[in-house]
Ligand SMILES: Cc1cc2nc3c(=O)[nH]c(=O)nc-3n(C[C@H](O)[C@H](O)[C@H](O)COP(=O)(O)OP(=O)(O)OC[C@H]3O[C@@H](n4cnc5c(N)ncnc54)[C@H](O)[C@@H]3O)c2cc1C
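A single chain comes next, written as structure tokens; it is the form predicted on its own.
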């Protein structure tokens, strides 16, 4: 079977001469069966060499600041994926532990001779893969199943901003934005024991923060993700450009949790938008060189966020390993922040005060409440939220720690390149330019409540979040 996967999506971590055995797809970031280039590549290897294949997900007892909210969403989605894979004669394993221990053990016990992993730019995942690679002597491949244009192909360096990455993506999109083939019913049976997964027992074994509960407004899994996508495209896409930055309107797609957990491929959404409009991708994406959404149309505004902004975050976290700290800021921002380190702050708050939405600012408190109680702060408010943390902490290093900690703890799409890039943009000027110099912020872009009032009804937003908090 010729691989349906563009070979430029595949990065070889280790390669050895072929030997018979089995193929394992180590599922990590892209937790779905449909529209998954990593799974398709693994199956193409297995069919080419007439080998059985399996899928395994490693469940660490904890992961960064992930809580019961995010672990619950993850596990419910994987239960559905297990059943979908079973219909294709592909067994699914849930392996408790850490990758450097359980993957080599699984490889040895199940005669795995080809290992496939999906791409994730975060440091912790990169270290997992390095540790696994050092302990196995089989071919090991990494497939970018998350980005439409693979990160390594889009650029070979950290980009300054959307304006430098956009034309590179635009040039490569026709090569990579192709339709997904279906997963075949696998013709070679897996001859190893597949244990029944006790999902509840595994969930209880986790050493995670259980005070952050699951939310009910969104249903996990790839089938629910598809329904959410279809509903958005049919009901809200026609007002997306005008409504998406208004926190009191239901104007956003609400797809980011599904992208984060890999229940939905961003490429699928792009393909559906193209089908819906009947336009060539090159005529509706990246039409504005400065990145503004003004006058570009709803489809272009969506695809700018879906492709350019999201893939810019992966570019940042892949090429800048200091993505969560001061050291990852551009040089102009470091200089400016250092010049203002001793500026007087009018207010100083602790992590506990921030977490409990106990500041003097009703708008900031409302944004924090939205995140705590719904698991998804509005994107526009997240910028304001992070910038005020910079303004109300003694040092930029502390503001980065607090913003990333809270974002990862409460957001359904936390522990994600988009979150790290968003915080680095808000606090450290990443992907932005120098602005007018001012106290505390230096040349970092400033935001205040008056600016928000010009965008939306602040009082109504505060009222809505207060009601949500009281009902929770």
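Positions refer to the first chain, counted from 1. All values reported here derive from a predicted model rather than from experimental measurement.
One more form of this protein should be noted, the form predicted in complex with this ligand, which is absent from this view; the next part is about it.
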Taking the partner as it appears in the model of the complex, which of 423-431, 49-57, 62-70, 25-33 has residues with heavy atoms within 4.5 Å of this ligand?
423-431
Quick one: of 254, 203, 359, 242, which gets a non-hydrogen atom within 4.5 angstroms of this ligand in the model of the complex?
254
From the list 107, 169, 363, 306, which entry has a heavy atom within 4.5 Å of this ligand in the model of the complex?
306
State yes or no: in the model of the complex, is some non-hydrogen atom of residue 442 no more than 4.5 angstroms from a non-hydrogen atom of this ligand?
no
Is there any non-hydrogen atom of residue 268 lying within 4.5 Å of this ligand in the model of the complex?
no
I'd like to know if residue 313 sits close to this ligand in the model of the complex, meaning any non-hydrogen atom pair within 4.5 angstroms.
yes
Any of the heavy atoms of residue 115 lying within 4.5 Å of this ligand in the model of the complex?
no
So which residues in 399-420, when you check this ligand in the model of the complex, have a heavy atom no farther than 4.5 Å from it?
407, 413, 414, 416, 418, 419
